[in-house]
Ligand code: CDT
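Below you'll find only one chain, the form predicted alone, shown as structure tokens.
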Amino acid sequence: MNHRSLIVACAQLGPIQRAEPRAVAVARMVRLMERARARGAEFVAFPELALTTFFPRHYLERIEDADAWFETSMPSDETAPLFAAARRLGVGFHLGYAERVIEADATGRARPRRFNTAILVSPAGDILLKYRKVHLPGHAEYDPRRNVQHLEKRYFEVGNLGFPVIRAPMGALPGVNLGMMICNDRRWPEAWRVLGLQGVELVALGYNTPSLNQEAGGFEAHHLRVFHSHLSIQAGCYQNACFAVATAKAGTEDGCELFGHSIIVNPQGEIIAQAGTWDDEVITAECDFAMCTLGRTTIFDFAKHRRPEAYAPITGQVGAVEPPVWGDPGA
């Protein structure tokens, strides 16, 4: 068997409080990158919105007042130490952050636009790929029912870059098929399948997920929050024969508990490494991409077995459509 291996790391972050400056967060991330490299890691994944607190929990009447949490360039003066560390250590990395750009919208008008964004960076410090979060959860206006707000739909636009995959050098390998998701995307099988249809081998995924479901829509037991997160990632890896490095923020941030439980998952859907704290923590695993071959040449050989002609509702509608009501032909 042709072994193509890469040692990957989740660099889980403990809480980043609202008052904590980027310089502190970046210094913590550099230390985690150094720890990961000392364990042999060649690629390090940081969480969603890794540079700041998860600010969509805070309601601001003027969206512009949130701009201090957004990046207008990457790298910036404040994030440059991460890129310098990558070059010094020879490590690639994944970084999630809030992005503010002046960019044309669908009408062609250039205006400020805000996205929940992630990038893949090479060991040379070059940005290889950018992704903008597609599946934005939560709501756009203040919700008095909620103890903690979830205003991603207020502060971010739906990502407009699709689910891209790139083949790029990483570690000692001349090419790895790399893709990204952010947080809630992991719960949507369509996202995984679009990556799978591009032959993705490693999915980098960052998230900030509360330990409690604050939607006020019904009961969800605490332990099921972690179970549902892991279930989604494990199923996505199994059904698309790929690895995932899924990195969380954890601990009590701005009074809100994030459950952490960062994991690395193989193409069989097995968790091969898992974080055990709610603090800054590094977990590593070796990904042998030869393991992707079994699934994609047997049960998930898409060329042989997919039937897109039967899947029209997946792209043809948004909400569920109720089926016809059965009528007794003998009545």
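For every residue, the number given is its place in the sequence shown, counted from 1. Everything numeric in this text was worked out from a predicted model, so none of it was measured.
Keep in mind the form predicted in complex with the named molecule is missing from the figure; the text below concerns it.
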{"query": "Partner-proximal stretch of 82-90, 203-211, 233-241, 124-132 relative to the named molecule in the predicted complex, 4.5 angstroms, heavy atom", "finding": "203-211"}
{"query": "One residue of 114, 261, 187, 193 in contact with the named molecule, assessed in the predicted complex (non-hydrogen atom, 4.5 angstroms)", "finding": "187"}
{"query": "Site test, 48, 152 and 183 vs the named molecule in the predicted complex, non-hydrogen atom cutoff 4.5 Å", "finding": "yes"}
{"query": "Heavy atom of residue 137 within 4.5 Å of the named molecule in the predicted complex", "finding": "yes"}
{"query": "The named molecule contact at residue 222 in the predicted complex, heavy atom, 4.5 Å", "finding": "no"}
{"query": "Residue 54: touches the named molecule in the predicted complex, heavy atom cutoff 4.5 angstroms", "finding": "yes"}
